Ligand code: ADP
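Okay, so here's just one chain, in structure tokens, the form predicted alone.
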Amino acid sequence: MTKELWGQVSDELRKTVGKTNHETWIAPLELVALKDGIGSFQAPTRFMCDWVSRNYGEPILSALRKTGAPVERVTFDLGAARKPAPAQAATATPTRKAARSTEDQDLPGAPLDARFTFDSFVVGKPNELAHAAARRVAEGGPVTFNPLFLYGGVGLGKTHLMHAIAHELQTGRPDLRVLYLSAEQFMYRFVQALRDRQIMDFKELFRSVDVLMVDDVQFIAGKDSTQEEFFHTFNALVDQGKQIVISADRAPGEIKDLEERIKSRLQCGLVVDLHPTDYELRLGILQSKSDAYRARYPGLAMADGVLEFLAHRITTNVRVLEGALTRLFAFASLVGREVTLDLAQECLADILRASDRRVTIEEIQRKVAEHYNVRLSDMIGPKRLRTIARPRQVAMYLAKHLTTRSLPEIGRRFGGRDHTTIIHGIRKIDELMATDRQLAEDIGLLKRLMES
């Protein structure tokens, strides 16, 4: 009786909710009882129970009443075959369990690096805002900005801060379900769910967390199906007041092939740029790491000026800087020599040579914007005012002459411009330098700043 009744009602609902919504949310339901004015339904997943109750409860109730069924309300429960085993605890990573009392499942996120904590993060002017924002999120209190979007080049601390947030939440708020993973892992799990026809389980997992952390979100750019699911997951969590933390190698508006609606959503929260390290921050990082290494290598002597020399010469990123110091201390320990400037130049010759020419496009853009007193976002953006276009062309010129990047790559770093635009800008500066003495002096000064 109930099966036939539900078949009739389901067919009617298809006409009002549409084929896709019907197949996704209505067809999987089963009317198991109609008693005492209550229509009792079962659904394959807990997420589906909640979603259908919120979004389709009233239409289903109305459709049942139109058949003459004596129903006052409807309920949705997990199907018997899908009820989870009791007392299953949640995990934020494969090695940690968090206290949750009922109907939880494993959160298959990426493992966290024990080294990446707030205690080991060296704070300086280029990263102080990002650090403060990450600290606020790690408190696990009311969501004040959603999402927190961290961006910057390689080795500037994005992933370190992401792991630090997760570690802090594990310690201070073990009741929260925290899921950290890369955008590539998000896509892989989505594709796997599609292949195994477990998309509802995927939705339930990702939309039931308290804190979702996705690293390197630029990876999903151009991947339409994954972007679609990411967008809906993002919206569902924001609507529930759940915290989202995202990282990328560039600002949301600069990620090519990322859907505009996703860019817009990502820009609604707090967007924080981790700037390239300055000398003071690099020196602070080296001093912190050096103290740890000296404890590991007792009796190893180090001459004055070594750390200052490394902080001045190795400007690429923190990973290269830390790797150089690790190699230097290990080498000195193995050969039984004092850590001196001569030893550093001998041991790190390849790194120092590479660092001599590793001026980055991002650094050039920042220095040129500061020199001409224009906003970095304007210089990279579409504005064509002469006060912006000329500094942009200067930055293009310097990027061509001070880096090994190709013209298409330079174009991508300047808001996705075509390489012919870059060629035009470079030629324009070449022509002007022959007659514009001030421009020639500006470029000479900027070159010295970059190469110092």
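Computed from a predicted structure; not experimentally measured. Throughout, we count residues from 1 along the sequence that is shown.
Note that the form predicted together with adenosine-5'-diphosphate isn't included here; everything after this is about it.
Among residues of the shown chain, residue 121 is one whose heavy atoms approach adenosine-5'-diphosphate to within 4.5 Å in the model of the complex. When adenosine-5'-diphosphate is considered in the model of the complex, residue 174 lies well away from it, no heavy atom lying within 4.5 Å. Using a 4.5 Å cutoff between non-hydrogen atoms, residue 316 does not count as a contact of adenosine-5'-diphosphate in the model of the complex. Contact between residue 208 and adenosine-5'-diphosphate in the model of the complex is not found at the 4.5 Å heavy atom cutoff.
Taking a 4.5 Å heavy atom cutoff to adenosine-5'-diphosphate in the model of the complex, the contact residue among 223, 289, 242, 371 is 289.
Proximity to adenosine-5'-diphosphate in the model of the complex, defined as a heavy atom within 4.5 Å, singles out one entry of 133, 348, 237, 285, which is 285. Three-residue candidate spot 250, 257 and 408; no residue lies within 4.5 angstroms of adenosine-5'-diphosphate in the model of the complex by any non-hydrogen atom. Note that among 187 to 195, 226 to 234, 291 to 299, 316 to 324, the stretch whose heavy atoms approach adenosine-5'-diphosphate to within 4.5 Å in the model of the complex is 316 to 324.
Applying a 4.5 Å heavy atom cutoff to adenosine-5'-diphosphate in the model of the complex picks out 153, 154, 155, 156, 157, 158, 159, 160 from 134 to 168, in order along the sequence.
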